[in-house]
Structure formats: C-alpha cells, structure tokens
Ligand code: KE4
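One chain is shown next in structure tokens, namely the form predicted alone.
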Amino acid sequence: MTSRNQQLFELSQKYIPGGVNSPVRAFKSVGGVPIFFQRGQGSYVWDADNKSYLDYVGSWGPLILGHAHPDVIKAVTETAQNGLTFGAPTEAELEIAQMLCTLVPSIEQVRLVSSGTEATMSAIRLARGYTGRSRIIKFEGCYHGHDDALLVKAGSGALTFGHPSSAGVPAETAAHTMVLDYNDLTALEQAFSESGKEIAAVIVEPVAGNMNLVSPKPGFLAALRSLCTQHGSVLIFDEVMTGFRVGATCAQGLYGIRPDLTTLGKVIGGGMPMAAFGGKREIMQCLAPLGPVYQAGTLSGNPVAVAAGLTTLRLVQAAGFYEKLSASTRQLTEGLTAAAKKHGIVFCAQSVGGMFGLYFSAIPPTSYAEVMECNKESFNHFFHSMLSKGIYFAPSAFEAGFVSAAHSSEDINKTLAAADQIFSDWK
C-alpha cells in the first residue's frame, strides 16, 4: 500500500518544482521520500500517515520552545483577530525593536523584514552604500540566503574571487565576492593586505550551521573584528540561525565580539516569517527614508509574526533557560558520541547552545573541506535507521540540528537508546 507521504510527493511534483518549496526538503541528499507533516506538539511531529517523530529539526531552528507552544499560539490567535496586516506602523513593531536593541549589544537601530535572505541581502547593500565600496568577503560553506552576491563558491586558488554556485547568477556579480576558507586566518589577512581598501564588508556565520555545525577557532572572530576595524570594512554577523539560539545575547555575546551589523531571523519570529537587520546607528541611518540606501517590504513588521516573536523572546529570557537548553543538547551529543565509541563507530558530535552537529569522522570539522571529508554514506544510513525508529534528524549531512526547550531528558534518552541499537547492528 502506497503511503500518504508517497502519494502527496508524487502529486506535488506535478505542481511544484521538485515537489518541494525549499530544496533540502526533497531528501535528495539522503534518498527516499520526503515526509509531509500535518501537525506538531512540543518535541514531536506527526506525518501524513499519522506516524509520530521526535523532532530535532524544529523547522530548521525557529522553534526553540517546541511546536505549538500555548503562549505563542495564544498571542498569534489574539493578534490575528484584529487583522492580519496593515502595511503601516504598529506599536508592537516598536516594542520588538526596543527589545532587540536592548538584548543584542551591538544593535542600536534595527529594521524588520520577512526572511533571513532579505535581511542579509539588505545588510550587504547597506554596507556597500555606507562604505562606497563593492567587494565583500564570505566563507566557503556559509550560507546567507539566495541573494545573487552570496550564492558564490570559491574559485581555483587559496585567495579567490568567487564563481556563481547557481545558474542565473551573473559572473560579474559573483566577481565582487571573495570566498575564503572558514577559520583560515592566513587567507583572511592576505585578502585584506591585497584588497583592504576595496572591501565593503565581511559576512560570516559566527557559528556556521549550513555546512553542518562548525565552530569558530579561537581568535578567528577577533581577527575578523580587528581587520575590519583597521581597514574600514563593515563586519556583518549573520545570526539568522545563531540569534537567541546559542545564548541570550546571541553568538556575539557568547564570543565577546561586537559586529557592525547583525542579521537575525528564525527564533525572533517564533515560527512565523520574520527577520531583521540592525547595528550601529550611523550605518543604519543610511537607510531610506533617512539616507540613500533603499529597502522596503509590504509585510515587514507583520503584526502576527511580531506577536509570535515577542512572546518567544520574552519566554527565552527566563532565568536558567539557556543553561537548561545547553545541558539538554550536550546530553544528546555526548550520549551519541559515547554510544558510537562503545560499538567502534567512527563518529563524533558537538554543540553550541541549542545547536548541534553530528559527524561521521574522528574529530569535528573546522572548515568546509573537512566537512566534505566526513562519511556521507554512514550519515545517510544513520538518518534512515533513526527515522525508522521515529527520530527525525535533518535530512542532510550538511545541516546543523536543534534541540528545543520542549525536549525532555526522557526524549534524549529515547534517542540515545535508538542510536545505541543502530550502532550495535552497524554494517
């Protein structure tokens, strides 16, 4: 009998390219049929066949409180009854802007947008408008949304100007983007030595989460800050994923580095489409209507999304929230590592706050090249084996995972028991 998931996927492919609205959902990396979800509650989701799964994706990070948190649902419902959108200012917009400026040390002014891609695209344009320069630096394996200037991969040398990583991106656009290896200080120093006066901005995930989880080496983020200051370039922290996910003051607070601009998303929308970019007042005031850098959006500051975000941000400020979240995530990663070691499986895991990475390698990778050396086939076997036991990890060896406040110790232990059994039968 064909599953409902299979039926829906076959039908979807007739009307939606690839059957999905975002590529990783298609399960191309791991193989098999993607899951169509119908509901979620707490740490669990249910698919179209009504099978339940313990969820470590959490809509790719936003659901730090778990699915359908009652306070968030209540706020969204009450707000929606007063209207879905106005295309005009609301008091709630001001409230969340004040909250973000208070909670994030580097943000003096902030603008709300609707997606992480929109936030990073706007931050890059703003940095270029502020500095009057064109070139930017990004790092191989860091994803900053599908803006043309950021869909760029490394060229042939250690220090290269990028090549488009997507059809439809003009080579002349990609040529303004320099692509370096994450955590490579030597290449970074060389880039600034050769082109420092032309570099408008450096954009970086302070903890990379789009090539699996890759942590910054000691001194890497500090060197970024120092070189940008020295050469008059804008340092942009892309905290769409790490913002309020790794700690109460985001990754910049965790590592003690103050960027010039910050992009936020995921958690600040509480599961609704909302993002933001903000930073130094003198830079932000280059935006229209005050300055010459144009940015606009009909649904920016949507009241329903703002209500979800405000409620989420209030709840994560509770005493001990991040300590408990981090402890739960460590319980998962340390337990998985111990189970693999017991059965002689080459595997390791690490976490930062509520984010984690799983690697079929001896040690955690520190760059895109090292991520690519991990055993992808072993991950795919692990993914499908865990899925068959009702444990849902990201369907790709190149994505970080997420623990929520709804994950109990019993949930983690259930996951570890399943992994132990899989590792014991490993072939």
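No experiment lies behind these values; they were computed from the predicted model shown. The numbering used is simple: start at 1 and walk along the sequence shown.
One more form of this protein, predicted in complex with the named molecule, exists but is not displayed; see below.
- A residue is said to contact a partner when one of its heavy atoms sits within 4.5 Å of a partner heavy atom; M241 meets this definition for the named molecule in the predicted bound form.
- Using a 4.5 Å cutoff between non-hydrogen atoms, A418 does not count as a contact of the named molecule in the predicted bound form.
- Contact annotation: T131 falls outside 4.5 Å of the named molecule in the predicted bound form, judged by heavy atom distances.
- Among residues of the shown chain, G116 is one whose heavy atoms approach the named molecule to within 4.5 Å in the predicted bound form.
- Stretch 116-124 is the answer when you ask which of 116-124, 282-290, 328-336, 190-198 has residues with heavy atoms within 4.5 Å of the named molecule in the predicted bound form.
- Of the residues given (Y53, W60, F27, F379), W60 alone sits with a heavy atom within 4.5 Å of the named molecule in the predicted bound form.
- The contact with the named molecule in the predicted bound form, taken as any heavy atom within 4.5 Å, belongs to G145 out of G301, G141, G278, G145.
- Residues of 195-216 lying near the named molecule in the predicted bound form, listed in sequence order, are E205, N210, the criterion being any heavy atom within 4.5 Å.
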